[in-house]
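Let's start with one chain on its own, the form predicted on its own, as structure tokens.
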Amino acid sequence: MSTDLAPLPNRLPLIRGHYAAATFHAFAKAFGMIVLATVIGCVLFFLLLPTLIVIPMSLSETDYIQFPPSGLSLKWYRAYFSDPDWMAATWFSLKIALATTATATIMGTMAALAIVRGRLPFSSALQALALGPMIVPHIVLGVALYLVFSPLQLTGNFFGFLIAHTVLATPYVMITVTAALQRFDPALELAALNCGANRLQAFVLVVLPNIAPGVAAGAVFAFLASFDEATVAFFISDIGGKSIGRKMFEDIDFNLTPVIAAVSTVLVVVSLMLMGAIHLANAQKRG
């Protein structure tokens, strides 16, 4: 007798089996999602834990780094903002980061246009070469730049830092602008050219507004890559010009106080504010 035509009492075991299998499958799926969410949460917590610990450490009352802090105070932030050495290093890094943002954004955008739109031979090899500063360890780049800059007297001055940080920051801009250009419809640019616009006008009036989020994101990454860069700065700094990263290294070695945690917290806040601004700008553009 066919199972479909069997009396209901005879089909009850089969129905119970299907129900049990469906229940087990739903339970296994829910359990797997819970385990996955737990693992992801643990990984994110592990990555964020050092940053979260630095914030209360910067509010310590003691003259040494302590966690948890025995009391809360803002004296280390006051010490940071009132120390002329810290302020000189901060303003020096800020000037370099702003200049690096401008140069890296222009160069990275031009490189992305050449790679995506240009019919260059070995474009994949050129792209890999342009991304080299992200792959090569920064300590290797630091040694190489020091050996090149030292005879040219570019160590410890603005232009030396600008060249070095532009090399480090340009790949970030190139990646984000390349992604934006690949999503952009070339037919829009062709329509502008057919309407009488020249190449420059088509780029400024049509292409650039559409890839602006990618350019802005690359500019933010370039700024952050320059402002808190420490490894290369350790090699190309001197007494005349010292970045905030180099200053932090020196204080960790010779004067370890919670002011280091205060400076680190300031850098974290600046980074979060910039990334939040980019996110809000992109959300408003999509809206």
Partner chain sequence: MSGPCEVPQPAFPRQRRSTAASARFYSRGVSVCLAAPLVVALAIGFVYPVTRLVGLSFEGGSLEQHRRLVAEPLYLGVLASTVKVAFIVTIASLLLGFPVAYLMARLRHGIAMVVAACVFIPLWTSVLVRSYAWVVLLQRNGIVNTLLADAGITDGPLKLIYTQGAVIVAMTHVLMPFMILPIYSTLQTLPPDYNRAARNLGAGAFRAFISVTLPLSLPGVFAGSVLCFVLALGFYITPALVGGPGSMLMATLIGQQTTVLLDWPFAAALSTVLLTVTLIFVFLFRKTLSLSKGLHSVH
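Between two forms, the rigid core is defined as the largest C-alpha subset superposing within 1.5 Å. All values reported here derive from a predicted model rather than from experimental measurement. Residue numbers count along the first chain shown, from 1.
A second form of this protein, the form predicted in complex with the partner chain, is not displayed here; the remarks below concern that form.
- Residue in contact with the partner chain in the predicted complex (any heavy atom within 4.5 Å), chosen from 102, 79, 94, 148: 148.
- At a distance threshold of 4.5 angstroms between non-hydrogen atoms, residue 62 is out of contact with the partner chain in the predicted complex.
- Using a 4.5 Å cutoff between non-hydrogen atoms, residue 156 does not count as a contact of the partner chain in the predicted complex.
- In the predicted complex, the partner chain sits beyond 4.5 Å of every heavy atom of residue 71.
- Contact check for residue 90: every heavy atom lies farther than 4.5 Å from the partner chain in the predicted complex.
- In the predicted complex, the residues of 214-232 lying within 4.5 Å of the partner chain by at least one heavy atom are, in order, 217, 221, 224, 228, 230, 231.
- Core-superposed comparison between this form and the one not shown: the Cα of residue 50 travels less than 2 Å.
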